[in-house]
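Next up: just one chain, as structure tokens, the form predicted on its own.
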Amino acid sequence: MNKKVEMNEWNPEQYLQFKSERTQPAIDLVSRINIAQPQSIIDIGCGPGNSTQILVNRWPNSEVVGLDNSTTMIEKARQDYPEQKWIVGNAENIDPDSKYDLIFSNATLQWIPHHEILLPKLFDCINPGGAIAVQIPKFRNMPISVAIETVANSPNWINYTKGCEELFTFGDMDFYYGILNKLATGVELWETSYFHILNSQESVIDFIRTTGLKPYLDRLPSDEMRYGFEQEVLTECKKYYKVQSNGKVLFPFDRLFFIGYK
């Protein structure tokens, strides 16, 4: 059912506009990993390298590799952290002969289909005593997703955006536990809601422009149409994300975490 994501290149500067909010889940995930000293770590979907630094800071003597299929993201990571190892590539094509003590992925697997195939393949690349640690946004359950789909399915846009929702892959806790309990000697799963305090309702659009909104914008043929689509999504968002008494907007963001030990 899920399809391979086909999108234009990522914009690291726009992505890092909310660096703190995007990095906190990685901090929380790394803090829960119960491995004393992994020798080899790969960060799948490392983006511009912000989450990778959490791994480097916790295990400074480990070999940490960042992998991402976006050339622009890897270029930014190489520019900001030139002493580290960065690879352009896809998680689905990971070398089965490569072995790691920790496979880490923060907000990436939702872009990759068929987790029931992907996760066992990644688990095969873990050394005994190692782990896989993953965070996935629960984007489909959030009001922002409802707002986007409402606009995308309207007559003005559906011819361009039809099928975009199939570019995301999200499972629930039962789904991931059902995969991991057949592979792992121990499993941890949890969910967290992060209440991001944004400056305005427009900031909600800024937050998701380079993530959940991106596949829809990439389908549109002009900047004018992309702007129009964003404005309609903003109108829908105003139904769900109210302006607080101090002018700020609370943007709850739900995330799912799991760790599987080998």
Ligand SMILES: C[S@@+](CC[C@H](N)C(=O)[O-])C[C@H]1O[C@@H](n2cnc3c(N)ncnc32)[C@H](O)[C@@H]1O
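Because the structure is a prediction, the values reported are computed rather than measured. Throughout, we count residues from 1 along the sequence that is shown.
What comes next is about the form predicted in complex with this ligand, which does not appear here.
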### Query
Taking heavy atoms only, is L67 within 4.5 angstroms of this ligand in the model of the complex?
yes
### Query
Would T108 count as a contact of this ligand in the model of the complex, using a 4.5 angstroms cut-off between non-hydrogen atoms?
yes
### Message
I'd like to check something about P120: if you look in the model of the complex, is any of its heavy atoms closer than or equal to 4.5 Å to a heavy atom of this ligand?
### Response
no
### Message
With a cut-off of 4.5 Å between heavy atoms, is L183 one of the residues that contacts this ligand in the model of the complex?
### Response
no
### Query
Tell me, which of V151, A131, V134, M73 has a heavy atom within 4.5 angstroms of this ligand in the model of the complex?
M73
### Query
Considering this ligand in the model of the complex, which of I179, A91, M142, C125 comes within 4.5 Å of it through any heavy atom?
A91
### Summary
Within 4.5 Å of this ligand in the model of the complex, heavy atom basis, the matching stretch of 143-151, 82-90, 185-193, 163-171 is 82-90
